[in-house]
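Next up, structure tokens for two forms of one chain, structure 1 and then structure 2.
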Structure 1
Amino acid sequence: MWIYALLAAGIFMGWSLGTNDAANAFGTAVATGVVKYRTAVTIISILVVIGAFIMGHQNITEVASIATNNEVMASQSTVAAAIEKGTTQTLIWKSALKAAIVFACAGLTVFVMSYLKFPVSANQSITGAIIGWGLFYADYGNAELRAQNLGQLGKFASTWLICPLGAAIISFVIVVLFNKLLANRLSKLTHYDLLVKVGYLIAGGFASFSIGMNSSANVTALYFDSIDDGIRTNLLTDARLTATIGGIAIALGVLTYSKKVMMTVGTAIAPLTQIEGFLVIIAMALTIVLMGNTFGIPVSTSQAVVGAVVGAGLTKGLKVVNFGVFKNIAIAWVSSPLAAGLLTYVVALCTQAVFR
């Protein structure tokens, strides 16, 4: 049963994701003083687990294609060969170990970025780690495989520009329209402050549920037996349980080490009023929906919320936005998947005797 200890790497990945992605849901609410930090992390941790349990399993196979192409997850032909040779237990052990290596490298990268207070995309770090493994083991001399992998790589790399830029534009427009059309009217309401707080709680709660729904599967997906052939070839066979374990790991990260990134998003990039912080969450959600559903681009909530904060700040002028902080965050966006990929490649090099 010691093989299940390899799940610890996936749990570490989830913990790292939680330390970073909590800012996406309540960073502006906490920074503007509308919601207390303890209240925010409690709501996030609960709704992340609920989102993972209810809907997280639907996304369990999202990373399977690129993981299989890069020799992290077993292909159908590999599974068939293992069944024929009677070596499925060896396949399970090696699959779990490869998943542990990828998650450990990606998780370490995200943790370092969280320690440095940079909001980054955990999913992109995972993708970078998977590609790093594939660059050592996969046959990139195969034109078809190379085209598939490079296409996937180009798609998620394009979001480094498209996602934050789109969020900044949407946020800028929303804040300008709100200030012109609604700000004076709403500020005169008797229960204006209560209205703002309720709005934050609803928006932040929905964002937390979405984190569990969208990201939990990626925390443990590489441990899931995605090939439905009646033969167990990986550690976990229940999709809902796999996603729920990921959600719990994310919640642990939220509860223990999320404040640094949360305050970076909420205060360091641009000063926001309470209502502007709420509008930033709305802009982030619209960005995810528009780019995810309309253009089919896998976007990062971290990049969306940072772009939205910049857009809200620009409504007051260029000098309001701290572009020095934003530049450092942008560098972290690019460097985190590259660092995860490089680290994984080095580990692949050191462990080739096991997998070859």
Structure 2
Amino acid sequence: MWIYALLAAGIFMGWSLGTNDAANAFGTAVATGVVKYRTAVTIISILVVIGAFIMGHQNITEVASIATNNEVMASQSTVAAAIEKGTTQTLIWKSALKAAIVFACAGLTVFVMSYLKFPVSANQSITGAIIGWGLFYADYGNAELRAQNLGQLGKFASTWLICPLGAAIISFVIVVLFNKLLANRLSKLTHYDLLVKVGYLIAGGFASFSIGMNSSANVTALYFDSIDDGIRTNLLTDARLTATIGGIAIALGVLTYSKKVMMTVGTAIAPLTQIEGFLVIIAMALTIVLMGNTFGIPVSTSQAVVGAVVGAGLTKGLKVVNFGVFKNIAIAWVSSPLAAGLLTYVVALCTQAVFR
């Protein structure tokens, strides 16, 4: 039973992700006074858990491949050897312990970023931590591993540069078009408020559901026994339960400590009107769909929302955007997976007696 205590690290990871990623869905809404903070976090929490429960399990095997190649999760040959030797209980303990270390390191990095009010990609921190573990334990003579890890670094670079740039352009175009074509038609205060309120609830609600759907599995996947051989070799065997635990952990983070990052996204980068805040969320969603799903360019909602805020701010001039804050956020993007990787590497080094 004590082995389940190791789940705490995954829950901590989920909590940290929740403190940071809530800003992607409702940061601009809360900062511009469209939705109260309490209302926003309640909506996000509910939809994250629903998203995790309904669709979260579908993404659970995505992390498994890179985690297996980096020796965080057991490969099929390791599992087969453990079955043969009758050491599956030890394997479960070690797998859960490795997952706990990776999640604790990544979670700590994301929490520090949330504390410093920087919106970062929690999923990149998890990947960074997995690669950090692999740097110590994995066989870098393995070409597949090298290709996979290099590919991940390429994805990071893409999300740091192309994703925010694309989001900024999309957001700029949307705001300019809105101001030219639609703004003057919203002459009644009621209509203006109605559009902003309903629009935000739909866009923010959808973004919240997506967080539950896409990220819930990531924060607990390393505890999941992804090898379907009928023998339990990791802590959790039910994919839906695994994703739901992740979703609940994220919801807890959203409910308890998400205001800081929300305010950075909504106010610190550029001042936004209520309608611009809403258009930023639309631009973020379009960036994910156009760049991510249509062109297959790696994207991150955290980086897309920051880029979209910059784009909306630029419609009012260069001076409106606080490039100092943006620079610090960009540094945080690069440093969070690096710090998570480095920290995990150090822990791997210190605990080698257990895992070698």
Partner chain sequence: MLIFSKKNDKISQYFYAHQEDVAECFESFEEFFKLLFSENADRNLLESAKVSVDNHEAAADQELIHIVNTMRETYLPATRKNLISLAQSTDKIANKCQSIVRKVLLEKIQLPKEVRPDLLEIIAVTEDQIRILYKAVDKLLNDYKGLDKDRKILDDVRSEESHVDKIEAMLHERIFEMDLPLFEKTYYWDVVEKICNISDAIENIADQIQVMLIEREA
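Fair warning: this is a prediction, and the values are worked out from it, not measured in the lab. All residue numbers here follow the sequence of structure 1, with the first residue given the number 1. Rigid core here is just the name for the largest C-alpha set that superposes within 1.5 Å across the two forms.
Where the criterion is the form predicted on its own, structure 1 meets it and its counterpart does not. Annotation for Lys180: C-alpha shift under 2 angstroms between structures 1 and 2, rigid core superposed. With a cut-off of 2 Å and the rigid core superposed, Leu189 has a Cα displacement that reaches or exceeds the cut-off between structures 1 and 2.
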